[in-house]
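Quick heads-up: it's one chain on its own, the form predicted on its own, in structure tokens.
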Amino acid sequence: MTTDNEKQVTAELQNQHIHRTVLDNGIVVLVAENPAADIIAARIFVGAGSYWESQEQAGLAHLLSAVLTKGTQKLSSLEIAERVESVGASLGTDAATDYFLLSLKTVTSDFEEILELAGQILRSPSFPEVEVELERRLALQAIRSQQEQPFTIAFDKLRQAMYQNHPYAMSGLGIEATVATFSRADLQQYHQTYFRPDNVVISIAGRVTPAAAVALVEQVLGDWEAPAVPLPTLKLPALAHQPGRTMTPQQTQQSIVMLGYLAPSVRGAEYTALKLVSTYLGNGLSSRLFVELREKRGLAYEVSAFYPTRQDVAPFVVYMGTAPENTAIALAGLQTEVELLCTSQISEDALQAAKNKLLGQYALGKQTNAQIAQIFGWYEIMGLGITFDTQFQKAVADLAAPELQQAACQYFLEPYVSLVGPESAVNSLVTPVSI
């Protein structure tokens, strides 16, 4: 969360007033009043998620998200579902890498009722044994299903090689060995540790005034007391740059070729430049990788790049799905395109096109009440603050080609490589480094 000393802050961000209030118990409340439609969306963020899991806990936050709505001290799973469905509202949970999320949306007249229900779920889940066992089995099935998907296998292997003992090494679903051991007591302990008012951000957007929204949150959660014990301090391992290749033979009709680079967190000086590089390289049909490797050379079934926003060191990934006989040339083609970013500057026309695309897509992601509540709550729980919205857009607009080239030269060193494909295609390449 941000450390603003003021209790209340109001920022005008692209014609959108965002009101920020900190309750006495530490809950941060963000409100964007939008009277256009009779709808209110809220996002309740908790500073939890797979980032806060030890290796032995891999998948615990995901399991908690599946069980959290299955009962409280006062309500059964069926009663919770009936309350939500009886007013046509929506309520759900999710465990992301860097945060935990409880989402709700309802018409204005029912917001108080659904917020009160969300408060019960947040504070006093009962974690019924039968529901824990059911969701644990479903999580194990999901893990096994992912192990049959070539892209997921390639990304899992890449992530494990890049992050080693860091929490980012694991899938949010966890692994069979850990998930199979989870119990109700594990969920209770995790909930007790991280679900506390001074670790919560509530972001609300819709037909409600800031004063009314804050009053409702006070009414529902104002008596929730933060424990005296401080939040656990994360002790993350240092990441050593040890690039190599992992090759996974699998009976598939295509090969997945994936390159990964350790890149800065959202607070890194080159974060914005690499976001723009990711857009230029692999975002859409006009991206550099799509045009050069698919359109011109016919190498790719699919080709893209992604650079997720993370609290800690983030992965910058480029990948391609290609015919098995093209595996080696696809790998060389991907590496060549990434290396070009350091050896030559992006043209001014290409730079401006990438800026227009990135900023246009960013603006389109803030159209609905749910999107507005999501993005500003996310910024807050990541410790960026509500002004990050305008700061990011200005930083993108101000970027020059040499800055992108400098970032590429700094971070796009020798890549981590992950290959998944038919045995003949994998064996045709150089013997991989053992990881």
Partner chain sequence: MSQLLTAPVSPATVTKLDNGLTFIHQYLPATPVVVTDVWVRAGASRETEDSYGMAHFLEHMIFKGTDSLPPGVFDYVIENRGGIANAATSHDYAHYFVTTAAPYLEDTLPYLAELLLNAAIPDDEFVRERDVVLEEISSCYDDADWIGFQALSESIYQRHSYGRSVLGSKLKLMNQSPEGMRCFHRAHYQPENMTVVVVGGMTQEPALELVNRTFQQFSTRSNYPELEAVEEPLLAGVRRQEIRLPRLEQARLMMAWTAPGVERVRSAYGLDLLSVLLTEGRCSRLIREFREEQHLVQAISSNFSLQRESSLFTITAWLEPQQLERVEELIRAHLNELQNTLISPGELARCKRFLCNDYAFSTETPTQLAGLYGYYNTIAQVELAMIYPAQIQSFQAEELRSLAQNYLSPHSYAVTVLKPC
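Bear in mind the structure is a predicted one, so any value in this text is a computation, not a measurement. Positions refer to the first chain, counted from 1.
Same protein, other form: the form predicted together with its partner chain, not shown, and the subject of what follows.
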property	result
Heavy atom of each of 241, 309 and 327 within 4.5 Å of its partner chain in the predicted bound form	no
Heavy atom within 4.5 Å of its partner chain in the predicted bound form - residue from 94, 112, 82, 339	82
The single option of 171, 335, 246, 254 touching its partner chain in the predicted bound form, heavy atom within 4.5 Å	254
Interface stretch in the predicted bound form with its partner chain - options 44-52, 363-371, 401-409, 383-391, non-hydrogen atom within 4.5 Å	363-371
Residue 86 within 4.5 Å of its partner chain in the predicted bound form, heavy atoms	yes
4.5 Å heavy atom contact, residue 131 and its partner chain in the predicted bound form	yes
Close approach of residue 234 to its partner chain in the predicted bound form, 4.5 Å, heavy atom	no
Residue 296 within 4.5 Å of its partner chain in the predicted bound form, heavy atoms	yes
Residues of stretch 272-302 in contact with its partner chain in the predicted bound form (4.5 Å, non-hydrogen atom)	283, 284, 285, 286, 287, 294, 295, 296, 297, 298, 299, 300, 301
